[in-house]
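In the block that follows, a single chain appears as structure tokens, in the form predicted on its own.
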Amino acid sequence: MPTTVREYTGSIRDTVKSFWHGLSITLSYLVRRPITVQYPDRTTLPVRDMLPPRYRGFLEVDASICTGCQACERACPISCIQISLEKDPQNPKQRVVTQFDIDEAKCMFCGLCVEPCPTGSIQHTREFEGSQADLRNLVIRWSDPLHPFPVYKVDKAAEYLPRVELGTLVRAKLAARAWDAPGPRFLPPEPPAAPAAPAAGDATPAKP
């Protein structure tokens, strides 16, 4: 009997002790300075600078060192990268990239496209803010038929060109809304329009 009473009172004591321990932590915040971060205009640093170095944000393509090998397109498991190459009309020996589209709305930021790139042309940035009213506006076009860029010829004896700071190019496109155009060729087509109703007197007889 004494053992049972001791266990019962001990359970009550432990409950009150744990309850007071948790409540004391909660009450201590009543006398502390608020630590709420007023995003995005009152942060000590830009949010992108506070993210981890290996954070996977929007993809960025440095056209100056792109070899047009299409390794990133083949590595993408969901086909959100579309690349087209053609011969330069002025120099048949030179190939140019006429299409390099990345659907950021479809991208799952796995990084599989970054690994096989031989020059590091395509990289993840720390940019993550890209709210758009239309998902088609999240298709970033790094090249188009009117402004193609020549492929970079890799010379094993030479070093790669120094690339710009990560995030600079994609921030410029976000600011300029450079892709606010109709959807790319690889987006699913719109559903066909419903057939028009037959005019009065044009009804075809039903088949027997």
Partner chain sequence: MEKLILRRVDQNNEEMILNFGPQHPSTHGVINFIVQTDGEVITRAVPDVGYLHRSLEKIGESTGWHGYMPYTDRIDYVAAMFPNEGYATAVERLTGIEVPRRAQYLRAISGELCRIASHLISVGTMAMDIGAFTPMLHGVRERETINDLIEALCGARLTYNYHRIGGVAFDLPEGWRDRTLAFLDHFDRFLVEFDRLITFNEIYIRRLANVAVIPGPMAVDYGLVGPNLRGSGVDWDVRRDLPYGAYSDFEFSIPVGQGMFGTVGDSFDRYFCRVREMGESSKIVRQALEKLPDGEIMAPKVQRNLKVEAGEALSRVESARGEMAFYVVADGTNKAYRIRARTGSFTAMGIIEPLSRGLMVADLVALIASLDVVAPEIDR
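All values reported here derive from a predicted model rather than from experimental measurement. Residue numbers count along the first chain shown, from 1. Heads up, when I say rigid core I mean the largest set of C-alphas that superpose within 1.5 Å between the two forms.
We do not show the form predicted together with its partner chain, though everything after this point is about it.
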35, 55 and 77 all contacting its partner chain in the predicted bound form, non-hydrogen atom within 4.5 Å: yes
With a cut-off of 4.5 Å between heavy atoms, is residue 135 one of the residues that contacts its partner chain in the predicted bound form? no
In the predicted bound form, does residue 115 have a heavy atom within 4.5 Å of its partner chain? yes
Using a 4.5 Å heavy atom cut-off, state whether residue 110 contacts its partner chain in the predicted bound form. yes
Report whether the minimum heavy atom distance between residue 168 and its partner chain in the predicted bound form is within 4.5 Å. no
For the stretch 4 to 29, I need every residue with any heavy atom inside 4.5 Å of its partner chain in the predicted bound form, listed N to C. 11, 14, 15, 18, 19, 21, 22, 24, 25, 26, 29
Large Cα move at residue 30 between this form and the one not shown, threshold 2 Å, rigid core: yes
